[in-house]
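In the form predicted alone, a lone chain appears below as structure tokens.
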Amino acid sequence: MIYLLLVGAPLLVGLLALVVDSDERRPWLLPFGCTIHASIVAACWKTLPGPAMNGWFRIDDLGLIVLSLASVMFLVCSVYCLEYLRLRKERRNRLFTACLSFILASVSLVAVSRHMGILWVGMEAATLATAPLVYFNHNEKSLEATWKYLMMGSLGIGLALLGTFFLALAAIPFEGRGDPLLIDTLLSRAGTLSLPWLKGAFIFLLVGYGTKMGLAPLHSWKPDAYGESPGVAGAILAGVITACPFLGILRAFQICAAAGLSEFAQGLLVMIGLLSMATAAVFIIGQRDFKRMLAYSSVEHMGILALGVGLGPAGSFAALLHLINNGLTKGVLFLSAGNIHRAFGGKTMDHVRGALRRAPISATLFLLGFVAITGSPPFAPFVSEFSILRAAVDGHRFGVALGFVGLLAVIFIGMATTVLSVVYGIPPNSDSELSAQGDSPLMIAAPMVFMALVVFLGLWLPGRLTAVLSGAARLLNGGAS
């Protein structure tokens, strides 16, 4: 029943949004549906529900982390949407509201799935539901960004499907004695899997779901999609949508670890993680569009997630913590960046400077978000990034540690150049109406909530969260599921 509610409640809200014929009332469905979803997820933290549908659905610690992050992100962003959609009266919000709910339903399906095929279906549904959000501004650039997002997403999901087929082929030795794509069956009989097929499956799943995460070199959809979509859509893309394919990669890694292929999978993750960070560093330097800068920052942090898992148990714990920290911090950055964009009517350094004077609260949050996302104390990303560095050093991976620190330093300098130019200086003109749109109450309340969570997790990690992260890290490294 609880799985039906997790997927069905937001799905029903999305269908209601398509039926309700009032642009003023429709956005209120979002916080209503998200509150119901968050209440169900909170109940899961007390007691994890058992398996359902012959084991096709079950929440473990890995799924709980992704499900909880998505629920929190959507709940806070739904409040932001109330004011944002009121200000965007020139656009009908029927599809925008419905698609946000459909995304939450799809993400929930991914998080609770114990079947690689169902996980794939949920991933594709989330991709399709996100496309109208990218196209919300209805201009040439947003149309181009949407097509690029769909084309690259189709390439990624196609490769992931091929990897899923390879996984089924790896399970041929026990065909007829269990579903070959059921995660629990694969884990329990990992010793009988065909290793060559399993290696091929992991490579295709890593590249396919890595494309949807935005790992280099197949990250080219990110700058356009993040740059042209509304700030709230960017927050959902960076904090929630990318967490789903990461979960898909983690499921494949689980199976590889159980089959004795940990070193093989870890080597690939470290390589693609450092490549993504290096790619982000190159494009962040001299970046004049601050929303595209955030897209490349997301490429960097997806690389950090892959790198952390590739460093073993200690790195896995840190990577899962960083998944949460990155999502919350991206919420601060994208929502405040969207506010600044509206306050100036532009998103490049040619049009935006002196944001601290025109939209002081949003600019302050944007500056704090930059300090946090670049791994500075006392914010949460510092804890997870330092833990990943420590895992590299403790594992005697000194070259990886040096590359990690060096790339972080380059990215810090590149982002600082853009952020400081946007925040400080003298605004090009004075427009009180635009300024009011930048710092309107509900549109600053949401990023402030995200910022409070980022500070809280930087200063204290709750015991229950630590236990769940530890349990998830054990699952990734051969522990019982």
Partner chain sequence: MGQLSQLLLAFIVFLSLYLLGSSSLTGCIKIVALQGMCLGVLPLTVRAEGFHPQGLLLAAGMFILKGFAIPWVLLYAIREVKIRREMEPMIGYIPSLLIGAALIGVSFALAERLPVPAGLRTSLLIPVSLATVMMGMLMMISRFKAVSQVIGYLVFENGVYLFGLAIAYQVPWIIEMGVLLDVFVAVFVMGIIINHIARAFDSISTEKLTRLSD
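Numbering follows the first chain given and starts at 1. Just so we're clear, the structure is a prediction, and the values are computed from it rather than from any experiment.
The following text describes the form predicted together with its partner chain, which does not appear among the structures shown.
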Is it the case that Met271, even though its partner is missing from this view, gets within 4.5 Å of its partner chain in the predicted bound form, heavy atoms only?
no
Considering only heavy atoms, tell me if Gly354 and its partner chain come within 4.5 Å of each other in the predicted bound form.
no
Could you confirm whether His138 comes within 4.5 Å of its partner chain in the predicted bound form, counting heavy atoms only?
yes
Considering non-hydrogen atoms and a 4.5 Å limit, does its partner chain approach Thr192 in the predicted bound form?
no
Among Leu457, Leu459 and Arg474, does every residue place a heavy atom within 4.5 Å of its partner chain in the predicted bound form?
no
For the chain shown here without its partner, which stretch in 69-77, 260-268, 153-161, 298-306 has non-hydrogen atoms within 4.5 angstroms of its partner chain in the predicted bound form?
153-161
By the heavy atom within 4.5 Å rule, which residue out of Ala125, Ala409, Leu402, Leu82 makes contact with its partner chain in the predicted bound form?
Ala125
If the cut-off is 4.5 angstroms on heavy atoms, which of these, Val121, Ile203, Leu275, Val393, is the one near its partner chain in the predicted bound form?
Val121
Determine the residues of 80-118 with a heavy atom within 4.5 Å of its partner chain in the predicted bound form and present them in sequence order; the list may be empty.
His115, Gly117, Ile118
